[in-house]
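There is one chain below, alone, in structure tokens, taken in the form predicted alone.
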């Protein structure tokens, strides 16, 4: 139901924009389409990889690796995978929802998503180039540490 409401609001806002300025609305739609085309390749590759992963790993395996009973080791593993993976947020959240539906634990998925968004092992060389070695390593180290705090906080809040 929430999705339908969001679609209605989006269509209404688009119609209002078209009424105010048809040319600006068309220019915005063209820019949005170009952005969509740029993102589509990455999105399809990641969706394909997740589909393959889901086909290979059954619910019990995912639950063993990332389930609540995997404990601190599962949180650490999820956090490490998130830190070294370069996935945009709009792809990460559907992956997280899919993993949760397959039996992964909330704390483990929170660690994965928070380290994915905050830590950049893949982008570290570029970050070192712009900010310096000490700053880049310090920022990534602190982000990795805070991803654990966030994960434990999310796990605590969900358990309430």
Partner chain sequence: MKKGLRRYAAAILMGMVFLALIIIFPDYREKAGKSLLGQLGTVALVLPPIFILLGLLDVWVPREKMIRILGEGSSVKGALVAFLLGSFAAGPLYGAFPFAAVLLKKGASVFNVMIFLGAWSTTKLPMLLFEISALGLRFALSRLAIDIVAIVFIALLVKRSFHEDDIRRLQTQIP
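Note that the rigid core is defined as the largest set of C-alphas that superpose within 1.5 Å between two forms. These numbers were taken from a predicted model, which means no experiment stands behind them. Numbering follows the first chain given and starts at 1.
FYI, the form predicted in complex with the partner chain isn't displayed, but the following is about it.
Heavy atom of residue 72 within 4.5 Å of the partner chain in the predicted bound form: No - in the predicted bound form, heavy atoms of residue 72 and the partner chain never come within 4.5 Å of each other.
Contact flag, residue 113 vs the partner chain in the predicted bound form, heavy atom cut 4.5 Å: Because a heavy atom of residue 113 falls inside 4.5 Å of the partner chain in the predicted bound form, the answer is yes.
Residue 66 within 4.5 Å of the partner chain in the predicted bound form, heavy atoms: Answer no; every heavy atom of residue 66 is more than 4.5 Å from the partner chain in the predicted bound form.
Any non-hydrogen atom of residue 50 within 4.5 angstroms of the partner chain in the predicted bound form: Yes, residue 50 is a contact residue.
Contacts with the partner chain in the predicted bound form - residues in 88-102 whose heavy atoms fall within 4.5 Å: 89, 90, 93, 94, 96, 97, 100, in sequence order.
Is_shifted residue 138 between the shown form and the other one (CA, 2 Å cut-off, rigid core): Superposed on the core, residue 138 moves its C-alpha less than 2 Å between the shown form and the other one.
Rigid core superposition, residue 149 Cα moves 2 angstroms or more between the shown form and the other one: No, its C-alpha moves less than 2 Å.
Post core alignment: residue 97 C-alpha displaced by 2 Å or more between the shown form and the other one: No, because once the rigid core is superposed, the C-alpha of residue 97 moves less than 2 Å between the shown form and the other one.
Sense of CA distance change between residue 97 and residue 44 in the predicted bound form, threshold 3 Å: Relative to this form, farther apart in the predicted bound form.
Pairwise C-alpha change, residue 42 versus residue 124, in the predicted bound form against this form - closer or farther, 3 angstroms or more: Residue 42 and residue 124 sit closer together in the predicted bound form.
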